[in-house]
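Below you will find one chain, with nothing else, as structure tokens; this is the form predicted alone, and questions on how it binds or moves follow later.
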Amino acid sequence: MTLLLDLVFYKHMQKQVVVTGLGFVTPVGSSVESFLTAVTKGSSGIRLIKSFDTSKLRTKYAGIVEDFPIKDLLTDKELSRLDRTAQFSILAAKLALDDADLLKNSSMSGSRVEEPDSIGICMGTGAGSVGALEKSYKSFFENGQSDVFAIPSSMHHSPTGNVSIKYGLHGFNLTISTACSSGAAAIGVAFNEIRYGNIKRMVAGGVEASITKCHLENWTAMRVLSPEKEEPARAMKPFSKNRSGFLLGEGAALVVLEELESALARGCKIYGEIVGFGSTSDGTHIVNPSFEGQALAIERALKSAKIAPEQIGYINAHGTATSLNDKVETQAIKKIFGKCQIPISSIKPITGHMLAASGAAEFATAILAAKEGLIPPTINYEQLDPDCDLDYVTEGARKAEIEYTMSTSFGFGGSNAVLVSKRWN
């Protein structure tokens, strides 16, 4: 009887969790406004890679972050020691914390958070600091030289560690690596930490900066990258019968999650509310997805949110434009939602597949879609596929009044993460 009372009390004490800050570093901009404009207008950030010689590579295009104001945040010494993943993360965290009005000053250097013990960080990355790792290996195997900074700069935990140091975050600190679902899983873990009263606020999301010669060729060898070269911005065609794979992207997307009482007491803006998280493991294959595993994650997210399937007004899909993934994801959605014609879109042709960062950017997109009443389009759709027969919003951005949204992220290893959010009234 005592255990039952404890469980009822614990459930009753669950906190409401809202989104109070957004921070983007993406191929289509490093501000909320530029990102939102690009995804609603369908403006792709896929372009020719110029940071290294691609003449001998089979894939020469990706979603590239070209100019981002990191030099205002870091010294030359810090820049030389920090991998691109850490740099993206530091800037995205600054933008998100500033957006949430949690920094003591608004200058681009020297900012520290208010109430440092109350703020934690949870970030996802799939490949980790692969640029730093490749650099150290090259130096050792070609010249026999080792680097004292190689380990701290190349570890997967470098982004979260450096963000917490930069802004003085003394709360929860965790890095998650579940391939393409890492960023969404990190947001889900952060949500639960606040929901169950363990911490007041969390910076959460994903980062990826894995567009290097070796990494790019390895992805090409898997035959999941689109071979189309005539119009790179049109290479990715999610859910279209003539889809041929994705192109990589890089960047970071972070959100500030906060218990509702704290947000209301501070009088800050609220983008939306996160209400559900579901995670599963396929347990079937290291790269081939399972619609049963994906469907179970969707079902658990809905149960966590305490809503029925028909209450979802928009799904931001994983939508990688590979033949198998789009088909399997469609099957999973149909298994849970049946005949409900819910608007679905994928923004990956706009950003490129940013791996861990995609799940976080897509969760933020779903939040913004409900807030703005505007569903972003699935660009480049050309041909109806009988295996993909849902409402993929292919005509351009669509006006809609949405209360609940869902974003889906599915990673290699069969790791699935699904988030549910609610419009803030």
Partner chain sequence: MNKSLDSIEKEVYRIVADVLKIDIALLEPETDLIDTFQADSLDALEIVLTTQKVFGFEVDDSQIPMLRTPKQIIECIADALKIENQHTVSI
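Residue numbers count along the first chain shown, from 1. Fair warning: this is a prediction, and the values are worked out from it, not measured in the lab.
Not pictured, yet referred to below: the form predicted in complex with its partner chain.
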item: Which of 93-101, 251-259, 75-83, 336-344 sits within 4.5 Å of its partner chain in the model of the complex, heavy atom basis; value: 75-83
item: Listed residue that, although its partner chain is not shown, lies within 4.5 Å of it in the model of the complex (heavy atoms), from Ser146, Asn288, Asn242, Ser281; value: Ser146
item: Among the candidates Pro152, Gly293, Gly161, Gly313, the residue which, in the model of the complex, approaches its partner chain to within 4.5 Å (heavy atoms); value: Pro152
